[in-house]
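Given next, in structure tokens, is a single chain: the form predicted on its own.
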Amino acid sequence: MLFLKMTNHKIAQILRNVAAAYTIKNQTKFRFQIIAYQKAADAIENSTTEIKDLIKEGKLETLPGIGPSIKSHLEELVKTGKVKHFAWVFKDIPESLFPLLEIPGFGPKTAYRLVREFNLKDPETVVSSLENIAKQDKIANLDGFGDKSQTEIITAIEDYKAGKGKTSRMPLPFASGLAQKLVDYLKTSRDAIEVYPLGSLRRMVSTIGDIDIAVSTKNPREIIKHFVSYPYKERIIEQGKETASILLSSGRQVDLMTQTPGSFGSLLQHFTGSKNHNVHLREYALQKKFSLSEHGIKKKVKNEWKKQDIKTEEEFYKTLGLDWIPPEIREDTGEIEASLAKKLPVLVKLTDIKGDLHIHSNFPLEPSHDLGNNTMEEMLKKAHQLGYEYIGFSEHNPSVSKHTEDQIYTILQKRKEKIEQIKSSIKNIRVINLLEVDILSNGNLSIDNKTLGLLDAVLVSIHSAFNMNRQTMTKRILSGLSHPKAKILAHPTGRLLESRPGYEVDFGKIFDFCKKNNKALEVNAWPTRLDLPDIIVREAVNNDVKMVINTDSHSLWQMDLIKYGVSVARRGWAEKKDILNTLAYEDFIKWLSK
């Protein structure tokens, strides 16, 4: 099998296919290999640096989950386009099964069984071919399938082809909004005691594949009945005694599971995951003679397993001798060891945030990019409602192509006068005169020093020429960030989730520069950015690089998105001390003025 165009997405897909092939060969024998390849695939897909560049720089092992064996395979893959070991793994595994793995409900073994049973060899046509076979009533007669399975396969393929169900990923804020409506609806039932989202949504991962919800109840039948009566559903997919699934009018699938209050803690922990966290936890538990499941914890006493009901997650972890681990960091990246050592971080909280420094008002400065929708006064009122001490207005700089330097100076002088007027009339919140300024392709800032003197400080960012190589882009960013007025690098990777990868940049050099020159990196809470990514937040924390969490708001409602920036920071193990806009106003201004 030859692999071409070695993008991170393609490499991650190959590693997931390796894990699937191992599953087919012998799931028990190759259990650790399966976990390792899945974990490596996740790390690579979330990396903002191309694997080929990490290999070139000898830094591949800096990615979590890349051990010596996988590292050597990746080096061989990038260098030659193939891997000798992978050829053995894929031997006798039909290529046609891999497209089926993208369809909800198709695991490796099911896909393998079907392509072998019906001699489906073409990866390009396998989905349509299997759909036709199912509609011809040829699957129901297979041992282990039946009419229900056949109907589910037809529905899954139809949903997949229509882009419904679990096939495409959603930005975290979109998934969270859908789930919150369901959670609020379920809480209207008198039989719902507790309601939580599960899985990657509860861990606040940047993109979400599906929505799972758990309900603690003494009456699961009524909860299921209430759930499938959700007014915004398109249809009921499945309705059982303790679980159910519906398809929303948005085309998204939602799965519900219920549990009695006595063992709800075990279900909540188990289905929050992540898979790697739970595997590590089970291995640790076995050493302590515990057995874990979604139904409770069993303790082996005199060769007998005695079950203990677990009401809460705190009780679950305490029973194992661990401190409670926040959901956002349950990724098997050292959190279990930190819990054992009583060294878990005290993660930053939404209530720690004292101000938002990336706010676009509708002040008419004829910007190079989009203008905000609300007045400064309206945004200040919203900031006061959020309990902020201060706010930084940072509209895009006026368009350089449409204005002379003198015209830009005049526009920003009028803006400064407006801000000074606001300062004198509004006393319940402090205003900081900032601006988001483009770093041009040559590394210069897009407005001159005279005009920059009108501002308290600036956020600098990349909005053009994204395809520079790593060395050139790094030099460009450091040049722009080196200006005395430049204090914050906004949306530092430039990524747009599900549409544009981040540009190539050497964050080791960025980190060193920020530490030495009193600069900060932004964690941008905009739904399709969530940038810095959590992996790089973790690296920044480990390198003692300071960050700010901002919304990049252009409208009032967007100021509420700050919670998603906080969730990204939490996933990166950031504490209050790592985030500068947790400082009180006077302390923040001291930092800004250094």
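From 1 onward, residues are counted along the sequence shown. As the structure is a prediction and not an experimental result, all values here were calculated from the model.
Another form, the form predicted in complex with a small molecule, is not on view; read the next lines as being about it.
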query: Contact of Pro398 with the small molecule in the predicted complex (heavy atom, 4.5 Å); finding: no
query: Contact flag, Asn278 vs the small molecule in the predicted complex, heavy atom cut 4.5 Å; finding: yes
query: Proximity of Phe271 to the small molecule in the predicted complex, heavy atoms at 4.5 Å; finding: yes
query: Leu357: touches the small molecule in the predicted complex, heavy atom cutoff 4.5 angstroms; finding: no
query: Gly199, Arg203 and Arg282 all contacting the small molecule in the predicted complex, non-hydrogen atom within 4.5 Å; finding: yes
query: Which of 124-132, 208-216, 182-190, 504-512 sits within 4.5 Å of the small molecule in the predicted complex, heavy atom basis; finding: 208-216
query: Of Lys109, Arg169, Arg470, Lys161, the one that lies within 4.5 Å of the small molecule in the predicted complex (heavy atoms); finding: Arg169
